[in-house]
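Below you'll find only one chain, the form predicted alone, shown as C-alpha cells.
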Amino acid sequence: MASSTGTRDRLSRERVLAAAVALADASGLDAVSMRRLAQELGVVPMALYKHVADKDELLDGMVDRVLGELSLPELTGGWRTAIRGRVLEVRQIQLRHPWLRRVLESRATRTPLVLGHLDAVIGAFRAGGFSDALTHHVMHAFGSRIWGFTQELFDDGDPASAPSPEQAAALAQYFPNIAAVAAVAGHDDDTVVAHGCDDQAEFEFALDLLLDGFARLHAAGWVPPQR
C-alpha cells in the first residue's frame, strides 16, 4: 500500500490490526489470513510476523482494537444503570463488527482489555452491595449477554431459507405450540441479523428480565444453597 508520495507506508502493529478488522468487516472472518492480509497491505506475508506472532495473536489484537471503541464511562448512577449501559454499548460494537462474536467464542485466553470489561461489570455488582457469591451466579446467568449477544431459539438465519406455506402448515399441524409462538415474533429488518429474532428489542427484554431478577435476589439477601 503506497502513500501519496509514492513510498510505502511504514508497517506497524496498528496498521496490521486496522487492516485485519477492515477485512473482517468487509469480507467476514474466514477471509482473514496472513496471506490475504499481506496482499491488502502490499507486503510479503513474512513482514506481518514482525508485528503479530501468529494468527492467534492477530485475532486477540483485533478483539482489543474493536473493544477499544468502548467509551468506558465511569460506572455511576447505580449498578443497574451502569451495567445495562455498558452491555448495550458492547452490543453496538458487536453489531458493527459481526465477526467479533465468533472470535470471542473461540478464544481460550483473555486479553487484559477483555478481562477489564468483565472486571468492570463484576465491580459494578460488588459496588452495588451484591455478595461475591451472588455476583458469581449472576455472571453465569448473564452468559454471553455480557458481550452483547445471545443464541436465540427462533433465529431462522438466512431469510431465503424461510419455510414455504406448505412447510409452515405442516409445522403448525405437528408442532402447534412452536408455530404459534414463532408466528408472533417481531422482526427488525434493519439489524444485522435481519429476519432473525435476536433484534435489539428482544435483547433488551431479556437483559431487563435478568436485571430485575438480580435485583430481587439482592434485596432478599440471597445466599448460596447449602450442599
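Counting begins at 1, following the sequence as shown. Just so it is clear, the model here is predicted, and its values are computed rather than measured.
The form predicted in complex with the DNA exists for this protein as well; it is not shown, and the discussion that follows is about that form.
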Next item on the list: Please pick, from A170, A180, V44, A201, the one residue with any non-hydrogen atom lying within 4.5 angstroms of the DNA in the predicted bound form.
Entry: V44
Note to self: Each of E89, L95 and H117 within 4.5 Å of the DNA in the predicted bound form, by any heavy atom, yes or no?
What the structure shows: no
Checklist line | Close approach of V32 to the DNA in the predicted bound form, 4.5 Å, heavy atom | finding: yes
Notebook entry, point to check: Hey, in the predicted bound form, does D54 get a heavy atom within 4.5 angstroms of the DNA?
Noted result: yes
Notebook entry, point to check: With the partner left out of view, is R36 within 4.5 angstroms of the DNA in the predicted bound form by any non-hydrogen atom?
Noted result: yes
Checklist line | Residue contact check: L211 to the DNA in the predicted bound form, 4.5 Å heavy atom | finding: no
